[in-house]
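Take a look at this one chain, the form predicted alone, written out in structure tokens.
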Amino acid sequence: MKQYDICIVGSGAGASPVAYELSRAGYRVLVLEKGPYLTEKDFTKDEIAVSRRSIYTPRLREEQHVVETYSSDGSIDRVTAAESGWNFWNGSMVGGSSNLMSGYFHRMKPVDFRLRSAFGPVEGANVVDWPISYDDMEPYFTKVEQLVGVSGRVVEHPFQERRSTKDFPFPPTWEQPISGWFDTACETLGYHSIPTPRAVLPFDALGRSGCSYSNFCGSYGCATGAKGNARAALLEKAKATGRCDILPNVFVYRLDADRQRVTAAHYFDADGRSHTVTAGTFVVAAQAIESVRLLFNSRNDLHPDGLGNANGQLGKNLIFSAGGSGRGRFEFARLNERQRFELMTRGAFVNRSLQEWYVYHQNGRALKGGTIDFLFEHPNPVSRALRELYDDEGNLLWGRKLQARLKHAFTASRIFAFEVFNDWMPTDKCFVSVDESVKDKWGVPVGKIRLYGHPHDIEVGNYLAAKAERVLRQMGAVEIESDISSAPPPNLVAGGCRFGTDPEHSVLDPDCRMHGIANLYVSDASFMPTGGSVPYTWTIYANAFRVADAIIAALKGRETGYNNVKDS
């Protein structure tokens, strides 16, 4: 019978740094992952399978959520995911959703850690400062650059954060010629063009192959290992120590706890058999919604409202990345021969961002802005074709009209797009709990998500989108449009287990250890009280490395190898 010191629920960006560091420090680690163990050989560029049939997420009729939204009169509309198709799963496999990310890696800025102090309260929102500072996180951002592999080029701009290293450890990936068009447009407008850091290796390094430049990053697994997903970058190295076991296809459904410690984790294997794991320390990193669900479903007589919920804070302040997207079209007929040739260059990365308005002033007040990333539209041909089904008046096209429109879209023009990232205000109206009336295939209550986007998020998003549209006009694009809304992106979810110094208003302490339970840590994005105005993955990785150091410090001097796995 194997002995474990650390049991980790989940295997993504919040879990893998803990497994990596603890196994290398000599501790026995067990990782429990609900999804399969997929590697580079399993990943293909099959749009039908990946994007149309969602093979990397569970079947909604077997595993789903209940989603609640506010109607215009303030009443609650309730729908199950099986009824609506509304899917909050993303990347159910070893390595989690990091397998499917695009790899846009921006560090949070110092101001992101003190939103309340810097900008004051926002009516109807629960904005707070983080209990740690950028300086506390900086060494861990740097560690991620070196171990996960971040490529890019540091340039000076008004919101460039302090760094302990001069530049990224890897140079930028091969860049598409339109990056030069973008730089020229920004220079004309007086903006600071930023080379976008990417968690993508430009060449073979870190025991992984370099990028093959297929351009299928977002939503797709990486067939070379160049993308810094949690499995390729960290878990494989943790396994190589001989002290980390990874069990795929197992679903953890309950934690047992006495008054101050978690004593066991229970899981179902692929055949539906129940097993029990005991360990000295438990780490939950199953994705913000699912981590909260597990903690609610672990209620017992000593913790009647769920683990970590003595003060009613569990599941509160669920957040997403606010903002939206926009696009414009480059018509080949308006370009010269050289420009047309450059625009048709395939495979290379755009790698350009703007953070010009990370903080801006409007109507006499300072506002927290955000990040704008620029890219070509996703190369998925089916989704590109579907975009052309209607004419400019909204009429459905078919026959020769549709044929002509598709030919134009694929051979005579190209869509250049942008994505806006700004803060989603945490509020009392957006949270996650469980729904006892709807259960998954194992008979376990599913997560219930109450959604609400604060009007402030829309205001900031529209401001940033207008700036991005101006850049596209300067570049010569036409048919420019944007879509800013409070629709939550399911791949950018955080909160629900807010960390802080006051147990009355938080679930975790500053080390992400649960208040009142000495051996339970939560290391996925659920710890975040606010999200910053950048994609979350780099922050999750960095914080999990920080949590790993805290666990090692707590375990220092304790004997290893005293726990086990057994069938129930």
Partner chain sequence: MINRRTLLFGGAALLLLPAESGAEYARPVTMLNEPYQTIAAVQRDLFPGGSAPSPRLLKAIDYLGGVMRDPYVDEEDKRFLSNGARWLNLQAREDFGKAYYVLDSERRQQVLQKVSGLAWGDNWLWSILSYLFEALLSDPVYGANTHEAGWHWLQYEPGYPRPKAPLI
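Since we're looking at a predicted model, the values are computed, not measured. Residue numbers count along the first chain shown, from 1.
Here the subject shifts to the form predicted in complex with its partner chain, a form of this protein not shown in this document.
- Within 4.5 Å of any heavy atom of its partner chain in the predicted bound form lies no heavy atom of Asn297.
- Though the partner is left out of this view, Leu206 does not reach within 4.5 Å of its partner chain in the predicted bound form, counting heavy atoms only.
- Residue contact check for Asp502: none of its heavy atoms lie within 4.5 Å of its partner chain in the predicted bound form.
- A residue is said to contact a partner when one of its heavy atoms sits within 4.5 Å of a partner heavy atom; Arg259 fails this definition for its partner chain in the predicted bound form, lying far away.
- This chain is displayed alone, yet in the predicted bound form one of Arg114, Lys467, Arg384, Lys143 has a heavy atom within 4.5 Å of its partner chain; that residue is Arg384.
- Screening Ala366, Ala270, Ala240, Val79 for any heavy atom within 4.5 Å of its partner chain in the predicted bound form leaves a single hit, Ala270.
- Stretch 30-38 is the contacting one of 505-513, 535-543, 30-38, 519-527, since its residues have non-hydrogen atoms within 4.5 Å of its partner chain in the predicted bound form.
- For a residue to qualify, one of its non-hydrogen atoms must sit within 4.5 Å of its partner chain in the predicted bound form; none of His275, Leu302 and Ser437 qualifies.
- Scanning 33-71 for heavy atoms within 4.5 Å of its partner chain in the predicted bound form gives Pro36, Tyr37, Leu38, Lys41, Asp42, Phe43, Thr44, Lys45, Asp46, Ile48, Ala49, Arg52, Arg53, Ile55, Tyr56, Thr57, Pro58, Arg59, Arg61, Glu62, Glu63 in sequence order.
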